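Heads up, the chain below is alone and in the form predicted alone; it's given as structure tokens.
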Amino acid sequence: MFKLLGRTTSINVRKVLWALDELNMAYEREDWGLPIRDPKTPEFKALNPNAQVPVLIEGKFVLWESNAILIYLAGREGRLLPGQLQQRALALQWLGWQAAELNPPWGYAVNALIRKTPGYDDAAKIAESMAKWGAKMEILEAHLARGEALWRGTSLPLPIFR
């Protein structure tokens, strides 16, 4: 059985929870991450020196970074990632894009509007953050619309998901 450390309000924890549930894998989750439980403790940093969630534990095996966890889980089960190399590469491309391109632009707005982090109160920076994130979401929406049109009417799954 897996143990997943992280709070459900974290998008990175949620995507791992989605994969675990989709694959019908047994797990228990333990709340970690602010404001619930500070991951900057020696106990947590021994598992992930970055003091970030999620962390997946399987026996003595410890894995952090949500995308690495997703790839590991998909590899164990073999049905979340396509078997065909080019389609697998495209799926991994979008997984990397989510972390490198989609997530960073919304950081300021998330800290200001959701986390209420002191010092994140510049209205212009909030608006800029939201606009940049919106532009990234337009890229994703356009891709999904193209994929839906290409794959509609076939028995094949959308390549970015399976």
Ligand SMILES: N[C@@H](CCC(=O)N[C@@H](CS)C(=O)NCC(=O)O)C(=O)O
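Note that residue numbering follows the sequence shown and begins at 1. All values derive from a computational prediction rather than experimental measurement.
Here the subject shifts to the form predicted in complex with this ligand, a form of this protein not shown in this document.
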Handout entry: Which of 132-140, 23-31, 119-127, 46-54 lines the interface with this ligand in the predicted complex (heavy atom within 4.5 Å)
Key = 46-54
Practice task
Consider Pro105 of the chain shown here, and say whether it contacts this ligand in the predicted complex, taking contact as heavy atoms within 4.5 Å.
Solution key: no
Exercise for the section: Although this ligand is absent from this view, report whether Ile11 comes within 4.5 Å of it in the predicted complex, heavy atoms only. Expected result: yes
